[in-house]
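This document starts with one chain, in the form predicted alone, laid out as C-alpha cells.
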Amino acid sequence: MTESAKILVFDEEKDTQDLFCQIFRHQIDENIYSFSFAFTFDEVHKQLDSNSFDMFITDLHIAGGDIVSLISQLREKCPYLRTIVTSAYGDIGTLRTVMRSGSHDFVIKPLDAKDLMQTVANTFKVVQELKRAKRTEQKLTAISDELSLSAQLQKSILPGNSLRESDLELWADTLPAAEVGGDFYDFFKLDDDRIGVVMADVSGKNVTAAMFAIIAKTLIKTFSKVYKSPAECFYNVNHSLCEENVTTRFVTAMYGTFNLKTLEFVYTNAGHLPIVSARPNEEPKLLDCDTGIALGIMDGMDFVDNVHKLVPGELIMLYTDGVNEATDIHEEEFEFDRFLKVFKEHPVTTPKLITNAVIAAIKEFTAGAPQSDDITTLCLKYRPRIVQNVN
C-alpha cells in the first residue's frame, strides 16, 4: 500500500482549511493525502519542527514573516520537501523570485479546484520518485557497507604473502574483483618438517560468505594439527561444516602438506581445481588428483590423499577459478592452455615472479573487460640451497 502524502497548508484565511478538505475529500478518504493546517508563522514553525511533511502549500503574502526566506530555508533543511505557492496574478515577479528560491510550483488565486488538484497530484509524483530514490540510495549504501565489511573480513583471514622455510619458498596473493568474493588461502608450519597450504573458494560474495570463509579456514587449520592426513582433516572439517551449516554455503578447497625432508607433497581435493606443476626442462602440467565433493554440502563424504614428490627447482601453484575463468571482452575464458603457457614462458623463476606473470597475462587477455571474480594464487617452490665444501 502506498504511503499517504503529508501536506502542510499555510494561509491566513481560516476558510482555507474547509476549502482544501472539500476539494480533496476523496483523496483524504482514500488516505492518499493527509493535510495539516497553519495560520500564523509561529504555528507553521511548530508544525515543521514537530512533523515530517512531503509538501508545503503556502500563500505568498502572510503577515509576520518572510515567505521567500522560509522557502529557501526549507529547501536546505528538508531536501525532499516540495513547496507549492499560491498567489494572485499581480505577483508574477515575486513568484519568479520564490521559484528561484526553491519553490516547486505555484497556483494562481482565486484557486481553481481542477488546477490545484492537478498541481498537487504532479507534485506528489515527484515526491514519490524522491522517496523511491532515497530508498534505493539507502539500499545501495547498505550493500556498499556490507561489501566493505566483507572485504575487511576477507582480508583479515589472509596470513600474508610470503614464507621461506629451509629449501621451500612460498608466495601467495589475491587480486580482488569489484565484488567481494569468498576466496582465501593459508599457509602454516605443522611441525619442524611439514608446511601446510590451503586454497579455497566459498560460494557467494557477501558478509555471510566472508564469515563462512573464516569458519572454514579456522576448522581446516585446527584439524590439520590433529590429523596428519589431509584427507582425514577434510573429512572432519566437512562433518563440522555440514553439522552447523544453516547458510547453505559450501567451499571448494585444496589442502596439502609439504615435507621438507622427504620432498613429498600430500594433498586432498574438495571439489577444487587441479594443481599446476612446473619442473625444469619439462612441460608444465596439471597434477592428477582424486577429487571429493565440496565441503559443507553432504556429511560423511570420504576424501583421498594424493602424493606428489617435488624435484629440485620445481614449483607448484594452487589457485581459484578467477584465474582460468577470467573472461575477455568477447566472453572467451583464459582457460588452462593460456595458464600453462605462462609457466612455459618462465622456466626459471620464483613464486612471486610467476604469480606476477600469471596476473599480467590475465590482465592483458581481459583488457577492457571487468574483472568478474577474485584472482587468488599460492605458489611454492623447492629450491635447495647450494652449500660449498670448504676443506
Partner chain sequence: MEVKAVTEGDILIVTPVGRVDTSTAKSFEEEVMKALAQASKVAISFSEINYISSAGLRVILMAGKKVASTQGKMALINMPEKIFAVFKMSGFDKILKIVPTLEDAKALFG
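Positions refer to the first chain, counted from 1. Please read all numbers here as calculations on a predicted model, not as lab measurements.
The protein also exists as the form predicted together with its partner chain; that form is not presented, and the subsequent description refers to it.
J.: Taking 84, 98 and 102 as the candidate spot, are all three within 4.5 angstroms of its partner chain in the predicted bound form by heavy atoms?
T.: Not a single residue of the candidate spot has a heavy atom within 4.5 Å of its partner chain in the predicted bound form.
J.: Looking at 359-367, 62-70, 26-34, 323-331, which one sits within 4.5 Å of its partner chain in the predicted bound form if you count heavy atoms only?
T.: Checking each option against the 4.5 Å cut-off leaves 323-331.
J.: Given that its partner chain is not shown alongside this chain, does residue 298 nevertheless sit within 4.5 Å of it in the predicted bound form, heavy atom to heavy atom?
T.: It does: once its partner chain is placed as it appears in the predicted bound form, residue 298 has a heavy atom within 4.5 Å of it.
J.: Is there a heavy atom of residue 119 lying 4.5 Å or less from a heavy atom of its partner chain in the predicted bound form?
T.: Looking in the predicted bound form, residue contacts with its partner chain do not include residue 119, since no heavy atom lies within 4.5 Å.
J.: For residue 293, is any heavy atom within 4.5 Å of its partner chain in the predicted bound form, or not?
T.: Answer yes; at least one heavy atom of residue 293 falls within 4.5 Å of its partner chain in the predicted bound form.
J.: Spell out, yes or no, whether the shortest heavy atom distance between residue 217 and its partner chain in the predicted bound form is within 4.5 Å.
T.: Residue 217: no contact with its partner chain in the predicted bound form.
J.: Taking its partner chain in the predicted bound form as the reference, which of 267, 250, 187, 171 has a non-hydrogen atom within 4.5 Å?
T.: Exactly one listed residue reaches within 4.5 Å, namely 250.
J.: Only one of 203, 123, 240, 161 gets a heavy atom within 4.5 Å of its partner chain in the predicted bound form. Which one?
T.: Among 203, 123, 240, 161, a heavy atom within 4.5 Å of its partner chain in the predicted bound form occurs only for 203.
J.: So which bits of 257-278 sit within 4.5 Å of its partner chain in the predicted bound form, heavy atoms only?
T.: The stretch 257-278, when checked against its partner chain in the predicted bound form, contributes 271, 272, 273, 274 at the 4.5 Å heavy-atom cut-off.
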